[in-house]
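There is one chain below, alone, in structure tokens, taken in the form predicted on its own.
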Amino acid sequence: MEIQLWRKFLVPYELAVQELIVKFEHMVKQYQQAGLYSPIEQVHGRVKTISSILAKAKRKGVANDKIKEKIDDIAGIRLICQFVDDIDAVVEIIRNRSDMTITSEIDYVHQPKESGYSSYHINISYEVMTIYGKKCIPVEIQIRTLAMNFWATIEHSLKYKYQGRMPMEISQRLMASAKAVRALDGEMSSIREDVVDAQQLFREKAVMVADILNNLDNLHKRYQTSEDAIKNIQDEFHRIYNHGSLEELKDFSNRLDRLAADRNTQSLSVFE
């Protein structure tokens, strides 16, 4: 296949990956805006390179004119979770979506490969609209934890280096590290509630700080609050941010909201 034909062939796969990345990232954003925990931590996507497609076709004994029908992971999405339990939640989310059709599922989380590889694979059919009309594109979605993803990235690099002839010692070490990954994921799951609470507090504080800084900027630029008044407010903000509690920061933010809402900013009684 000539390079121009390859490029034309890959366009709908690229479109599918781009659209799915946007959809899953928007889902994460919706969780955050609603103040909810998102089971998806990171979203990645890729389309296989031409050389990678040809190498897989050769390895699988697939003729070039059968690549479209026989190779279903040319387009790939990877969804990274913090905890093992999140994987099941993400699988259910995908099962309940109407804009993609599941064609197969393989659970390597509860039944890892002999190599130690662990991930949940869902193959879907996803419809895109091109200038030539509708195209149903096969996409492989991999769902795994951060720890699983680290291990799989290392394994992939080593498999590429040794071209399928990995030394026994390296294979054994990988299997041992895979057991360590499962143990790590288990430990993280046991303190999940504390981790999620801590992260939620961090997000709340980050949102409050952003609102406070925005209000300070508005007071200074739009309402022409005096330099001395702004400095007093900033000094109190830095004191609370560095030494105060989250409740004190909330109270400060509420007072600043009331001040910013009052166009008559000569009245600074909320900070007196």
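Heads up: residue numbers just count along the shown sequence, starting at 1. Here the structure is a predicted model, which is why all the values come from computation and not from measurement.
Keep in mind the form predicted in complex with a small molecule is missing from the figure; the text below concerns it.
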Wondering, does His243 line up within 4.5 Å of the small molecule in the predicted complex on heavy atoms? no
Hey, in the predicted complex, is Ser189 touching the small molecule, heavy atoms inside 4.5 Å? no
Would Lys56 show up as a contact with the small molecule in the predicted complex if we use heavy atoms at 4.5 Å? yes
Does Ile106 reach the small molecule in the predicted complex, with heavy atoms at most 4.5 Å apart? yes
Tell me which stretch of 24 to 32, 43 to 51, 207 to 215, 235 to 243 has a heavy atom within 4.5 angstroms of the small molecule in the predicted complex. 43 to 51
Of the residues Arg173, His110, Lys113, Lys179, which one places a heavy atom within 4.5 Å of the small molecule in the predicted complex? Lys113
Exactly one of Ile80, Ala152, Ile94, Val128 comes within 4.5 Å of the small molecule in the predicted complex through a heavy atom, and that residue is Ala152
